[in-house]
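Next up is one chain by itself, shown in structure tokens, the form predicted alone.
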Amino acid sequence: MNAIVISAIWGVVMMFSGIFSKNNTVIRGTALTGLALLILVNILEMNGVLLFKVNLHGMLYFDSFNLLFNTIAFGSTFLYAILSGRDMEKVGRSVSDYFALIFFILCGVAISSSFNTLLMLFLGIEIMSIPLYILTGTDKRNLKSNEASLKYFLMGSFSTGLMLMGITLIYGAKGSFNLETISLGTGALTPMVSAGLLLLLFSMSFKVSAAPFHFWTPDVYDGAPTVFTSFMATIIKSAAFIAFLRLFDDAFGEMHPHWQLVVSIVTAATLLIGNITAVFQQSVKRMLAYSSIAQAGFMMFALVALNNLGRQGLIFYTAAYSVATIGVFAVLIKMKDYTFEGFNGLAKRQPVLAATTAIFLLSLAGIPGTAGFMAKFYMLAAAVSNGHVMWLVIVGVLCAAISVYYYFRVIQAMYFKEGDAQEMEVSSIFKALLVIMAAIVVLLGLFPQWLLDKLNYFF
């Protein structure tokens, strides 16, 4: 709870920091201080130390699962701000406003991971989404950015309507917004509960870019300023998945056999559409957008399995996916050409950038020795332990094999093709951070037990 209040307050601080200082270094330093404070406060809360107490009236519920996820989300945002904070200045002059919106989004992220009623789920999702619509359209001189923002807003409003209708039907059937009350007496699946459950499933599928509700993703990711695309594709997507899992675990967990097949079909469609479409992309940015859909398919395994291994796997997947994707996008932002040809010969000009990018892509492809491999392994293991969806596990393995093709296209371009030299503003600190992130990806891949032991401690 402390992190929610502090992130909201720090968002206001960032808004006023733009009035009192025009120095972007000061603004960026203020934002990093706030993010470090959020991480510290959340770690203290995980160990039972609260700076202040607030009577939540049962609207929010904090346990080791959501506090651990919040720490990963704040830590990933800290890495993102260090790597890409300077590039926000190229989008526009309102750097302090961009950071303010990010802090408000983190407030929504923390609420979305700790809701205990459907109303708080709705508030958390909307607090997270509305600043995103604004960030998507921040490049006002770019028509694609404006179009992406409008499309995102319209599609987001549509999914919000579905969510509200779903909440209304569930309230009509159960007489409460509280998840514990809704989960009572779930032996019989009435038509009203079925309709509400399906509407909530469709709405949350839209938020995580699951097929067939994914169609907005490539256009919005492509049109949004690249510096914000990585934030949307990692922290926001992970937060939406945590909310998705908590909703269906806490409220509809006893009905799992009734909706497992529907979620399995959505998962298979997400894997197939994301991977097959990514193969045909000519822009690395759009390829990463479609691959994010494919990665969402793997995260859906946690929902299909709905067991402890799936919950642990989702947290591990969140950490591995966020670090690798933030790293790839940090390099992509420095490129002037987003096509595959733009990466030609990068290994000769920028060997550190090429090597770290290769490690991030290998992790996203799920190659052994990287965090991505272990993340995919745990998600598939969770589905195998469930025992009812072996066909889906086979689809997952085949799709992971397909993904190797388009990720290796970038590595091939960097190491085996000649290209024209491009001017790139890359500092030594930037390279050092990329190396540290690549080391984290490899260490998590070689010694996953360390993080799993930590997860077991909390679970």
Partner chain sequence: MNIEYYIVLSIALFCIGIAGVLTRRNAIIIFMCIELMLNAVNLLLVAFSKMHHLKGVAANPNAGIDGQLFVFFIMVVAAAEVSVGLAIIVMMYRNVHSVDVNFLNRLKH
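Positions refer to the first chain, counted from 1. Keep in mind the model is a prediction, meaning the values are calculated, not measured.
Note that the form predicted in complex with the partner chain isn't included here; everything after this is about it.
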Requested in this report: Spell out, yes or no, whether the shortest heavy atom distance between L143 and the partner chain in the predicted bound form is within 4.5 Å.
Outcome: yes
Query - Residue contact check: N308 to the partner chain in the predicted bound form, 4.5 Å heavy atom - result: no
Report task. Although the partner chain is absent from this view, report whether D87 comes within 4.5 Å of it in the predicted bound form, heavy atoms only. Result -> no
**Report entry** 4.5 Å heavy atom contact, T226 to the partner chain in the predicted bound form
**Finding:** no
Query raised in the report: Of 230-238, 325-333, 168-176, 255-263, which is the one stretch near the partner chain in the predicted bound form, taking non-hydrogen atoms within 4.5 angstroms as near?
Result: 168-176
Requested in this report: Answer with one of L272, L119, L198, A81: the residue that has a non-hydrogen atom within 4.5 Å of the partner chain in the predicted bound form.
Outcome: L119
Report task. Would you give me the residues of 139-170 that have any heavy atom within 4.5 Å of the partner chain in the predicted bound form, in order from first to last? Result -> K140, R141, L143, K144, N146, E147, A148, S149, L150, K151, F153, L154, S157, F158, T160, G161, L162, L164, M165, I167, T168, L169
